[in-house]
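Okay, here we've got a single chain as structure tokens, the form predicted on its own, with questions on binding and movement later.
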């Protein structure tokens, strides 16, 4: 295997397009993770192809992000938006399209890194057909997710089986926190090899804007009390908990209170329906004049929103990691988050923010009040948060850790192939 082949890897994210605008339907932390990991790996000398499913006929089939890093959109099913649980039906088409692309481009990948369970199935099939080492990141565990939802989807049993197969048969599983690793062992399987590599953030992109500059740019009063949410409109993200917590806050009637709920939505789609539901709750509680829905926030504007906030709230019912938390922390903004999953690893209570039980309106209200009521403590939390991100959660560091795992697995695979041929 020559050096070019050795350094060629495929990142697979079937439903999470790395090139799509973040905040749109089904676009969130996974998309950010795959794209930034891919770009950083390319900067560190890897040749990276990121495969996803084409969800629009007008989309370019190949998007060049940086030298040796590109997104390839494969045709698998209709070239239109398809909810993630329905995408699994097009898995065979995806595999065939990927193999055809690699043959046409004459690329021999040395390793495949899959993301989310749908991609995990694709990886298992490619491992069977190509005998390549496979790395997998779950991003969300069905065994955990289904504990927090009232209606279990029909595809649940399939998902749980695929997730178990990945843990037991892939060459390495990447957990993004010790909490996620524990869930894998206690809820999925005691077999398989797991390495912990956290998610990251662009520490240069966040943290360079002052609160005063950010508020002036966004048209927010300098003495406002600003509570921020950023993310998808999804019931599991707990936005209703946030809204009701703000309503229960001691600052609820303060004329300077501002609630920012940022994220995109599509009318008629699931996220659009959830946004409408949240807007109705805001209206019912009499918070309309205090609440802003800025819509989808682009990467260039996002640092201004984080910097403008007194506190960023991540009220998810479950998060295996929670990129929003570290983006806010990188901006020097303390975080109030649900005491679940990877958020327990990201946020250090009383040092970088506070944790509250998921769906617990009163606990979230008390946590928000504590930070809004003490500006000096807020600033200390923010300084600690920034320091923690610099030390643990840069994308360059994440890519370096993954690169070490890739190299070990590829070298092991080469030795194994040599032994077989001998």
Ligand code: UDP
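Please read these numbers as outputs of a predicted model, since none were measured by experiment. Positions refer to the first chain, counted from 1.
The protein also exists as the form predicted together with this ligand; that form is not presented, and the subsequent description refers to it.
The chain is drawn here without this ligand; in the predicted complex, the stretch among 103-111, 141-149, 88-96, 300-308 whose residues come within 4.5 Å of it by any heavy atom is 300-308. A heavy atom within 4.5 Å of this ligand in the predicted complex is found for one listed residue only; from 32, 365, 54, 389, this is 32. Only one of 120, 322, 238, 334 lies close to this ligand in the predicted complex, with a heavy atom inside 4.5 Å, and it is 322. Taking non-hydrogen atoms only, residue 282 never approaches this ligand to within 4.5 angstroms in the predicted complex. In the predicted complex, this ligand lies farther than 4.5 Å from every heavy atom of residue 72.
Taking non-hydrogen atoms only, residue 286 never approaches this ligand to within 4.5 angstroms in the predicted complex. Although the partner is absent here, residue 255 lies well away from this ligand in the predicted complex, with no heavy atom inside 4.5 Å. Counting a residue when any of its non-hydrogen atoms is within 4.5 Å of this ligand in the predicted complex, there are no hits in 135-172.
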